[in-house]
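A single chain, nothing else alongside it, follows as structure tokens in the form predicted on its own.
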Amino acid sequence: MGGHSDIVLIDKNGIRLDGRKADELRPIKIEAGVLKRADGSAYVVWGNNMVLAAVYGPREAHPRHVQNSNRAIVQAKYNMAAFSVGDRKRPGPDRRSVEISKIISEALEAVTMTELFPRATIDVYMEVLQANAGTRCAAITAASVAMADAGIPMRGLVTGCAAGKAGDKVILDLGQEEDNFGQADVPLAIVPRTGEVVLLQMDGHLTQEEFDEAFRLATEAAVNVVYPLQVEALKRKYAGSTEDIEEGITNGGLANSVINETPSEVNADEIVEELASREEKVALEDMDDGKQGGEQ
């Protein structure tokens, strides 16, 4: 964060450089199922950010020494394309990309029913095609939709959003200039169903009161605005045709439970119960098959 600049980030009427008020988000668009060869995918346009996410798995983890005999591992890889910023970025991972990959892996793993897939890996790739501040929040939002699109059982979607401070005022969803020359940035990711925070960072300095306000702004925007857009994207994908719906139900994914719901009507508790009962039924059938085989 900068903090020292002659740029007026917020005018005397409380209007920001891009015309937004302090508590306004940039325009957001989310699409699910945009890649045919991935098990699940999503595309998020958040202001001038463009992020593509692809999910592969669950599949056997290689090499074998990374396997966990009790659960699956979630391996997320965040990358910014060389052309995603104004000054061409050096291709390949850097310290920032490695850090963001790690925290997103942990956040997604916290909501994934990894115990259902021992020795497996779920690989999540996030490619930032265009960057304009807030890419980690856009990336984890896209990744969560992609995982649901892949039919991976989850305890809830993960939704990202950020707030911070610029021009001595706490604001929501920092833009590029606010991120560069502002005083603080607080990205977070939350599970709207439970209120669990699975990612929280802070760059810069805030008082306790300012942090509380930033946390409130980001949380409310994530739950009330971004999360319904995630659900709506999954609805559009699976409500396309009867064949799409049947294929989605076979996959057993979170997305299928919201086909006939509006965002405000989604009951995540029922979704989780449905997924759990479905997996329990499969487990019991496998046990019965094993017993019958032994008796023969």
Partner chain sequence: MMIMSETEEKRFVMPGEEIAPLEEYLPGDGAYEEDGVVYSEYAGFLTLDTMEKIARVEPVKQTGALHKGDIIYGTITSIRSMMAVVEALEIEGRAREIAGSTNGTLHISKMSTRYVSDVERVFRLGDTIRAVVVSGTPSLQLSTARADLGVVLALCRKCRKPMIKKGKVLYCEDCELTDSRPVSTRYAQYVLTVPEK
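Positions refer to the first chain, counted from 1. Because the structure is a prediction, the values reported are computed rather than measured.
Only in words, not in the display: the form predicted in complex with its partner chain, which the text now covers.
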Given the stretches 94-102, 211-219, 182-190, 144-152, which is the single one in contact with its partner chain in the predicted bound form, using a heavy atom cutoff of 4.5 Å?
144-152
Mark V44 yes when one of its heavy atoms lies within 4.5 Å of a heavy atom of its partner chain in the predicted bound form, and no otherwise.
no
Counting only non-hydrogen atoms and a 4.5 angstroms cut-off, does A239 reach its partner chain in the predicted bound form?
yes
Touches its partner chain in the predicted bound form: K235 (any heavy atom, 4.5 Å)
yes
Does the 4.5 Å heavy atom contact test between K169 and its partner chain in the predicted bound form come out positive?
no
Heavy atom within 4.5 Å of its partner chain in the predicted bound form: which of V74, I140, L157, A163?
L157
State the residue from M113, V223, V197, M202 whose non-hydrogen atoms include one within 4.5 Å of its partner chain in the predicted bound form.
M113
Taking heavy atoms and a 4.5 Å limit, what residues of 24-62 are near its partner chain in the predicted bound form?
K36, R37, D39, G40, G57, P58, R59, E60
